[in-house]
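The chain below stands alone, shown as structure tokens; this is the form predicted on its own.
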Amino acid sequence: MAISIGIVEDHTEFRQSLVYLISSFTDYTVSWSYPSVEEALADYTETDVMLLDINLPGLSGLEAINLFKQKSRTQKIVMLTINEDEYHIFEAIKNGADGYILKKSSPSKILESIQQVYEGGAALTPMVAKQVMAFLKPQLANPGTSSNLTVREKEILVLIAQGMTNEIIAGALFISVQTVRNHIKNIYEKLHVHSRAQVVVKAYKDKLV
């Protein structure tokens, strides 16, 4: 079954190019595309993955993340934007974005990011990852924040930080996918995070991996 995609992008030519790119592959389908958050919310249906711009007329992409998550808690959102500064990256992740990639990324990277988030991973381009590490570097010298994670949860946290999906983690640890999901739910609660991308940032920020 094809992965369904929703797009919120105000630049007409770029939006159309995304629709054309994604629709060119049988593994993906564009369910809808809108130039503004308001229009997308008005006619919203959940998709497997949403590509969301930040700089939009009316509500911004950063403001929209929580609104879409309120519509559907399981909606996966990848920010696709020109903004590569610390503020926008961390605001997006903090608000619950599942990935953050740049518009200048190659078509293959955009498709790869969609697939990665669909499979349960967190998509960050090398430039964004570099910004994350640059932001966290001064804090990495500090002792790690203590946590009450179990040994198994710490193992899974390390694998999540390496970008592994639930299925790969299950195979690596010889446990079921459902058991992995249960452990991840506990990790989210203990670290006070709500998405896989937040887990990765938290893990490095608090020197848990």
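By rigid core we mean the largest C-alpha set that fits within 1.5 Å across both forms. When you see a residue number, it is the position in the sequence shown, counting from 1. All values derive from a computational prediction rather than experimental measurement.
Beyond what is shown, the protein has a form predicted in complex with a further copy of the same chain; the following relates to that form.
- Taken together, the three residues P35, L102 and K109 all stay farther than 4.5 Å from a further copy of the same chain in the predicted bound form, as judged by their closest heavy atom.
- Residues with any non-hydrogen atom within 4.5 angstroms of a further copy of the same chain in the predicted bound form fall in just one of 155-163, 25-33, 46-54, 178-186: 155-163.
- At the 4.5 Å threshold, heavy atoms of V200 reach a further copy of the same chain in the predicted bound form.
- Although the partner is absent from this view, L149 stays clear of a further copy of the same chain in the predicted bound form, with no non-hydrogen atom inside 4.5 angstroms.
- Shown without its partner, the chain has G171, A172, F174, S195, R196, A197, Q198, V200, V201, Y204, K205 in segment 170-206 as residues with a non-hydrogen atom within 4.5 angstroms of a further copy of the same chain in the predicted bound form.
- For V201, the Cα coordinates differ by 2 angstroms or more between the shown form and the other one after the core has been superposed.
- For E46, the Cα coordinates differ by under 2 angstroms between the shown form and the other one after the core has been superposed.
- In the predicted bound form, the CA atoms of N66 and V158 sit closer together than in the displayed form, by at least 3 angstroms.
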